[in-house]
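What follows is one chain in structure tokens, specifically the form predicted on its own.
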């Protein structure tokens, strides 16, 4: 009975992360947003969402039972978990980059162009990895 709320929370957290990172990537790439405040606020949402995904993901595995690594489903799950590790590692770098910029810089115009481009690419890469995880989740759910 608890499986449906756990899965719903898992999907909602993933939707928030994909939507947020894609929105930030597009906004910084197109110049729609000129300040760093949305990125700083999103980092809190992002790491909270990752926490929700980890907890609910473990809950989903508990409901399904332990997968065997010798099955196609188990191998796909291992690939998904490896991609999640890549996502977390890359996101730590992105968050540290934003923290390094600090509060002394508030607008994108104050950033060197290379750093501005790197920040936009970091959100784009995060969105791409998240979409890859969504594809792997779809394969796991429907084969």
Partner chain sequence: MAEDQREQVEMANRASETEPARDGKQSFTRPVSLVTWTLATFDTTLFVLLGVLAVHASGDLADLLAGLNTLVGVAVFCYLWALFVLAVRWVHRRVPLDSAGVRTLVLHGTAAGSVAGVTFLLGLLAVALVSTLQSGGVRLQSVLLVLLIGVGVASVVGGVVGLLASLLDIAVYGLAGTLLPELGSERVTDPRRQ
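Only a predicted model underlies this, so the values are computations on that prediction, with no experimental measurement involved. Positions refer to the first chain, counted from 1.
Separately, the form predicted together with its partner chain exists; it is not shown, and the next lines address it.
Put simply, residue 137 is far from its partner chain in the predicted complex: not one heavy atom of it is within 4.5 Å. In the predicted complex, no heavy atom of residue 141 sits within 4.5 Å of its partner chain. Its partner chain in the predicted complex comes within 4.5 Å of a heavy atom belonging to residue 47.
Though the partner is left out of this view, residue 38 does not reach within 4.5 Å of its partner chain in the predicted complex, counting heavy atoms only. Shown here without its partner chain, the chain has 84, 85, 88, 89, 92, 93, 95, 96, 97, 99, 100, 101, 102, 103, 104, 105 in 84-105 lying with a heavy atom within 4.5 Å of that partner in the predicted complex.
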